[in-house]
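The chain that follows stands alone, in the form predicted on its own, written as structure tokens.
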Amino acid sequence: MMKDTDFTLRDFLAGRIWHREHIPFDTEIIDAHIKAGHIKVISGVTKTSKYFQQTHYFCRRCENEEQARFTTFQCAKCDGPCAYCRQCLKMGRVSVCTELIAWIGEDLVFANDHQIAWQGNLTPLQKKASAELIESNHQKKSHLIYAVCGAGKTEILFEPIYELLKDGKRICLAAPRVDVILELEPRLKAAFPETPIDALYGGAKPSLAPAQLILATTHQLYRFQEAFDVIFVDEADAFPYTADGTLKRAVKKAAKKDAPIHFVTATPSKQLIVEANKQGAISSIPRRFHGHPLPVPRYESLWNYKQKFEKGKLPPKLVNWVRERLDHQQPFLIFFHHIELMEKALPIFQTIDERIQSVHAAHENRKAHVLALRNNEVPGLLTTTILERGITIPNVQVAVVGAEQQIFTKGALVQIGGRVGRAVTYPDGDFVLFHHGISNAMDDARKEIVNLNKKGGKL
């Protein structure tokens, strides 16, 4: 008979739904807590009969029930036909015979003694949005912060988060992109120096200590269940969150019953605005915190750029743009629509300056290269859309190669342009769209930016 609860185990597992074989505790400890009724065991994939006796699978971790995303196989573990979920496979295989575990013992109680160290001043629009968000928390209703790139959205969240922490609430700030989490982590840790904060993303090792404020990619929320009193989804219109129903369900699954789920973005979808108007509240900020307008993109034709890259050449306009950045010691980002084309172009760019690097989602030095740009150790990066949002580098100049490509939607171009002129010391900069033909999205993005500048200018 188990005498004492292992509080380290409770602190780690409370609010989580975890693969039993992957939990960093001894089997004997887990078995004892199961026997004592502190942990429940859940089948990883449930199997039921539906529709004329056809088998229907449901993943208990990611809540996927798209049957095409399950694979059946002869399982060596259960010695029979089994099925696993491919939707959340990257987080470790979950099959019918997999045991997931969840804490059902004594509740985890969080501290209410916290400190906010951020000493900045909010603009009147930021203050209004922050107060409205606090009120939505009191009313337990969803809230959309719809604010232009550079409006200071993260700072708007500080006071509402502080109020929640003082009430002993557990909070999650989630985002679809790991780069956004990496950007947020040092800022939140600096703002709340005494609060246990954990950042969860692919490759990050979770802390065993109980974190009251968790920053996580939306994929990581597959591993949580009724854990948070409030969830903020930053960059709520970003891929893959918008295209993957299981990520949206993961956010809902991670929230406690009646917990408000808030959304933060500069480019909300029409659906997000409609839902916010119907079920929650919206705070709109069409002006950057420093009062300067958003950079309006300029167009530069770059005919047959693909063929030139194929021949190992850079179009002269692109060469001149890069040299101008180097001459003025301005950091730069050049966005590409395709990794293969970007990697083909990299050695040609390096003939101008060998320090230029590239990054994409699977690049092994992705974090290091972005850090090097921040530290002025590299002059510029070629990048895919992974850096379209969530990154702030003072005085950065931005170009898009192949702006007419489908991946560069209106929202993506508005976000990409939003990297420019974010610092009060460098409130403007160059935002150029190199293209092989002007797309509707390019025109729509420019029109949106001009309209936002008009709205912001009248305030």
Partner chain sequence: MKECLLCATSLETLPSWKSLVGMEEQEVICERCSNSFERADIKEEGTTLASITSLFMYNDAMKDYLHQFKFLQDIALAKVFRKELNGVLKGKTNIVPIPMHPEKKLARTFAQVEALLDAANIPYLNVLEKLDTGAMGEKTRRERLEMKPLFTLKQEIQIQPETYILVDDIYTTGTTLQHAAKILKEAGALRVEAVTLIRAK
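Keep in mind it's a predicted model, so treat the numbers as computed, not measured. Residue numbers count along the first chain shown, from 1.
The same protein has a further form, the form predicted in complex with its partner chain, not shown here; the description that follows concerns it.
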| query | finding |
| --- | --- |
| 4.5 angstroms heavy atom contact with its partner chain in the predicted bound form for K410 | no |
| F73, heavy atom within 4.5 angstroms of its partner chain in the predicted bound form | yes |
| I273, heavy atom within 4.5 angstroms of its partner chain in the predicted bound form | no |
| Contact flag, Y84 vs its partner chain in the predicted bound form, heavy atom cut 4.5 Å | yes |
| Candidate spot R298, K317 and H328, all three touching its partner chain in the predicted bound form (heavy atom, 4.5 Å) | no |
| Contacting member of H138, K278, K90, K166, with respect to its partner chain in the predicted bound form [4.5 Å, heavy atom] | K90 |
| Among the candidates K127, K205, K77, R323, the residue which, in the predicted bound form, approaches its partner chain to within 4.5 Å (heavy atoms) | K77 |
| Stretch in contact in the predicted bound form with its partner chain, which is absent here, among 157-165, 129-137, 209-217, 333-341 (heavy atoms within 4.5 Å) | 333-341 |
